[in-house]
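Just the one chain here, the form predicted alone, laid out as structure tokens.
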């Protein structure tokens, strides 16, 4: 199999080859023909399987033909839940459209309005946006949707989780009804199933892998910890391994990301923090440094759980378990991408055990417990899970935690660095 069978424009095939793609993934093989037919589509697959290329290639093929309506408004509109994912999609448009040169723009929060208003006054082919900021521009009368032929909802389940559904529906109501609509999601269950009839017309449905399925390319490990100091010592040991080429360390809070990053920097690691309080420019610079290898350890909140595609990430470490079980799947999906293998490690303190039970219930697997000699936990893990009520287990456990290393584990961490 090759991309030749999709009858793409020769310039797009050149771009595909120049990007290093040779054989379509399963979701690409099934979804691209449907997308190019102009039929509405709902599709789900595991992270890292190439869903973005499905709608980008279909959109670029559509843009090869002249527009049916004259004007400046975009012909393709893509909504994403986060700034990082919007920028990743825009990057894919430029990469796969390098020989067709589509005029693409991005509208996200954290960027001055003036620059975006100037962008919206220019002729556009491809507009990628987060719902909130795009709605702001709509209310100011800055957006022209009259030429939209293709409307894409990327990571639709996350947009639901983040409370964007009303914004999405308001935007959809202003886009021409004659449009083609494609919805991509990690799962087609729950709320996504509820909104689909309001946004799509008789869609084809492709569901290759449910979110709960195991990431075959990712080795998942659990290290039990007695407390915060023990977690810090475990983290220091893990990052001391030369097999860690690049790692993402996830924390529960923005303050926690800053504190952990500061501790790691003091230990000599090339690290940076990434969270929602940073300006978009600062976030972009941090991500560019990581892509270029200037950052070995990225300490992040769930802002990086989706839309972050860096192939060289060998390890994901959950310093704090996520608030929701499904976010665990998205976090660990930042490694083991594009056919590579990866390792995901979670540090679990006694107060995290109900969250761990919910993750294991959600994924349908018992995660491997491992012990590092010299850093064994003192507090034993109960034989039976205490996590019967997963809803309660995933409530926030406070945002004013201090991440400073302390006690006997602090001494071990300092002695290693």
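Positions refer to the first chain, counted from 1. What you see is a predicted model, and the numbers here were worked out from it, not measured in a lab.
Below: the form predicted together with a small molecule, not depicted.
- None of the heavy atoms of residue 355 is located within 4.5 Å of the small molecule in the predicted complex.
- Heavy atoms of residue 50 reach within 4.5 Å of the small molecule in the predicted complex, making it an interface residue.
- The shortest heavy atom separation between residue 44 and the small molecule in the predicted complex exceeds 4.5 Å.
- Stretch 24-32 is the answer when you ask which of 59-67, 346-354, 364-372, 24-32 has residues with heavy atoms within 4.5 Å of the small molecule in the predicted complex.
- In the predicted complex, the separation between the C-alpha atoms of residue 22 and residue 330 shrinks by 3 Å or more relative to the displayed form.
- Relative to the shown form, the Cα atoms of residue 327 and residue 25 move together by 3 Å or more in the predicted complex.
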